[in-house]
Structures are given as C-alpha cells and as structure tokens.
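Shown below, as structure tokens, is a lone chain in the form predicted alone; questions about how it binds or moves come after it.
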Amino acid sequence: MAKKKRGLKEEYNLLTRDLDWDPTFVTREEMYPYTDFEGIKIHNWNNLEDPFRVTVESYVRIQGEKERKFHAIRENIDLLQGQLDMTDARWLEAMKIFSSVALNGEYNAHRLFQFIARHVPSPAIRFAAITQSVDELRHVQNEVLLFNNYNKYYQGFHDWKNYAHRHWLTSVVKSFFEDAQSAGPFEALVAIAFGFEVAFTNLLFVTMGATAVANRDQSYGAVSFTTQSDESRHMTLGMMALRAMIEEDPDNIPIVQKFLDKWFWKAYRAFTVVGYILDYIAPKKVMSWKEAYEMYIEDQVLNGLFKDLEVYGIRKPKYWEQTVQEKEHNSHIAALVLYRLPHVLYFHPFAPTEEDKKWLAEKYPESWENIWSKKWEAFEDPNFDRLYPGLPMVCQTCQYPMFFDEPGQPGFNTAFRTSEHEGEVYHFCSDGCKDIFDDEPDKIKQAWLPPHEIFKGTCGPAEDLANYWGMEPEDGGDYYESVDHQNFEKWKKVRA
C-alpha cells in the first residue's frame, strides 16, 4: 500500500514540537530559570502555538525566495544609480535617521528573540522565536546593503554603528531595547511582538515605505516590503502568545495589563521621530503622522485589538487618550527642537518650505494656523539665534529631550514630572514615563543618559563630541546649506 501522506499539522509537529525533550541531568526549573520570574502562570505549555506552523524546510524555502527577489531589485537600482532619480536628496535625511535607529533596533530584536527562544518552555514559541531571530538578522544585513550605495555619494551614512551606540538621539531606541532585554521572557515577548511590531511597525515599514516610493527611493521601498512580510508573521505570534497568557490563568491578566501599559507607551514615545519624517523631511508627502496614527494605532490597535481583548478583562493601555491628543502636535514639536540642533546631529535638519507649510496647513488646519506656523515664523527674525547652545535635559525613562507639551496645553507649557528615589530626584517628560519609573525605579535609575555622561567626561572632552559620535563636519548643519544638497542639484542637471 502507498504510504499515507502526512498532513501539515502532523508534519509540523514531527519537525518542531516533537523534538522537545525533558531534561534528565537538571530539573526543568533549572533548565528554564525564568519560568516563574514574572509571575505568569502557564498550566499547559502546549497551548502556546505557532499559528503559521513554520518548519525549517518551509522557512528556508520562503525566505530564500524573498532574498533572491530583494537582491535582484537592489542590485538593479544600484546599477542604474537610482539615488539620482529621487524627488530630492533631502529624503535621505530620513534614511540617515533610519540607518542608525532601525538597524540598532533590528539587531537588538534579533537578540531579544534569541533570549525568548532560550527561556520560554513552549517548544512552539521557542522554534518560532528562533526563526524570527533569523528574520531580524536578515533585516539588519539587508538594511546595511541598502545604505551601501548611498554612502558612496552622501554624507552621514559612514558611521551608523557609532551613531547607534553613542549619539544622544539614538539612545531613545537603544534604551527601549535594553529595557526589554533586561526583562523576563514574557515581558520581552510583549515588548517586541506587541509593543514594537503589532502596534507600531506598520508606521515604519508601510507608511514610510509608501512615502519612500512616492519620493522615488525604490531601495527603501524594496527593504520595507521584504521586512514587513516578516513582521506580519511576528505580529501573529505576538497576538497568539498574548491571548494564550491571558487564557491560561486569570492571575495573568493584571501582569499582562501592566506589560501592555508600559510597552505601548514606550513604543509610542520611541516612534515620535517617524512623525517628524512623514510631516517634515519627506519632499513628496503621502500621509501625515496624524492620519497614519488614526489608521494604524487608533483604528487597528486601540479600537480594534483592544476591543477584542475586553472580553478577557483587558482595557486600553494607560494614557491612550493622551496619545490621541498628541497626534496633532508631536511631529511639530520634534521638528522645531531638531531644527535648533544642526550642530549636534548627524543629519541635516531644515525649516519647512512654502510648499511644506501649505501641506501642513491642510493636514493640521487648526493647530498649524493657531500654534505651529507662528513658532516657525519666529525663526525668520534675523536677530533670532537659532542654535541651542547647551545640552537638553532628557527624560529618565524614554530618554527624549524634555520637549513634550503638557496634555491639553500644546505649544505653551512643557510637561515636567519628577520622582524621588533613595534621595535622588529623577525627571520625566510625561506621566507615562514617570509611572514606568515608579514601578521599577531600581532598574530605570541605571539608564545611561547622554547629557549626564557628557558632563561626567565619559564621552571624552566636551569640545570633541563630534569625534566621539563619529561625525564629520559635513554631516550636520542645515540641509539647504549642505554639500549633499549642492551635489544633488548638480547631479540632477546632469541626469536630465
């Protein structure tokens, strides 16, 4: 008789879950020391499933096909010198930010999934986390290749690794992942698979990807497509694990709620820079930060995902109302502050052009006219000194400069919160960041804050900070006064 063909589920179990074993030389508790660390109770580890049921064979085959397609596109773009076909080289200021922020994030996500794969006793989660760890490493490698061609022609791409580890702006994302890496495996899973991927990566790879294509940056468009195809699988695993934790035991619900509160807020703060890119940097704009937030966060997460979770007793994350209010303002706040810091940035900020202002007035009709256009007008006064001369105070938790406004008072009063712990006073940009500190002060107090370290001298002499960060003189300054802008204008004429 012909041998009966195995079904997909049986094949998956044979090649993944059935390879699990019970240790004999140590106890299961010794093998998985973090199982009870966070208080999460799992009564049946087999209830945690990988909804995609990916095996090594199928994973390698699918990812190999993605790689072949991506590299064929990338090599063709490089061969045709596609960087000369962009609407304006100022779009690459967004890519400079992305090169140091996202690459750092992707590599640390790779490490996080490795940690989860080692310490979660569920064989399905472990195997899924291993494949996702490889995904993240693939993203890093593809993104490094993406910037290889741009680095031949433009400033600011040459030392992304140093920027990622040392620059004051990138400490925001660095601190996000280091916080997650020093958590338990279940919190780490919520941080990366929910906070970063389910809630916010659509903004990074879908919205920014569409904006890149609109500005004829086909390279980033190709990267965002191949990356987000993996992220969609990561999102599904994150949602499955979230539901499994909630369903396994009612005692898990308050713990999971705390994780959701923390990581929604931290991811929301970390993605502020995406609003700056969409609203200010992109020459040809596709969608405002406000519109993107409404589509991907309000509709899909706050009013979609969390509505589905209400049946389990899960509510929307704390301070979600504040995030909805701030969608009208945060990109403008970030743009105004960064415009005053061209001498300490590895990219070129700039004031909005008349065309930009017209678009911003259309997308933000009330707040632009009443608040933000007036703020930009102040810079037009020739007697106004644009450069900020000192070091900004940064939030102990999210590590952004303290530039966010008081809720309900946009453009007028900067939010400022403090907590005292062991005789020391710590500063925060919001109630959300203060709450996170107050819940685990002994952890957050250890944050490496760039201004503090600069004053301590641990970053070398203050007058030589650019060298410590890896910056060349041409990397900073106003875009319209930069070598990048001058070169692009010359190349565009030759290309025509």
Partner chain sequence: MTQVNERNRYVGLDLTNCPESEAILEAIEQDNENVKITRFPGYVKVEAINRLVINKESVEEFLGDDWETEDLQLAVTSYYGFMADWDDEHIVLQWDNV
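Positions refer to the first chain, counted from 1. Keep in mind that this is a model prediction, so the values were computed, not measured.
There is another form of this protein, the form predicted together with its partner chain, and it is not shown here; the text below is about that form.
Asks: Are any of the heavy atoms in Asn202 no more than 4.5 Å from a heavy atom of its partner chain in the predicted complex?
Replies: Although its partner chain is absent here, Asn202 would touch it in the predicted complex, with heavy atoms inside 4.5 Å.
Asks: Considering only heavy atoms, tell me if Glu310 and its partner chain come within 4.5 Å of each other in the predicted complex.
Replies: Heavy-atom contact with its partner chain at 4.5 Å: present for Glu310.
Asks: Just to confirm, Ala94 within 4.5 Å of its partner chain in the predicted complex by heavy atoms?
Replies: Ala94: no, not in contact with its partner chain in the predicted complex.
Asks: Determine whether any heavy atom of Phe52 comes within 4.5 Å of a heavy atom of its partner chain in the predicted complex, and answer yes or no.
Replies: Contact with its partner chain, yes.
Asks: Taking its partner chain in the predicted complex as the reference, which of Val213, Val172, Ile371, Ala351 has a non-hydrogen atom within 4.5 Å?
Replies: Contact check passes for Val213.
Asks: Scan Arg233, Lys318, Arg74, His329 and let me know which has any heavy atom within 4.5 Å of its partner chain in the predicted complex.
Replies: Going through each option in turn, the one that passes is Arg233.
Asks: In terms of non-hydrogen atoms within 4.5 angstroms, which of the given stretches 222-230, 187-195, 275-283, 356-364 touches its partner chain in the predicted complex?
Replies: In the other structure, the partner sits against 222-230.
Asks: Since the partner is left out here, which residues of 59-76 would have a heavy atom within 4.5 Å of its partner chain in the predicted complex?
Replies: Heavy-atom contacts within 4.5 Å come from Arg61, Ile62, Glu65, Lys66, Lys69.
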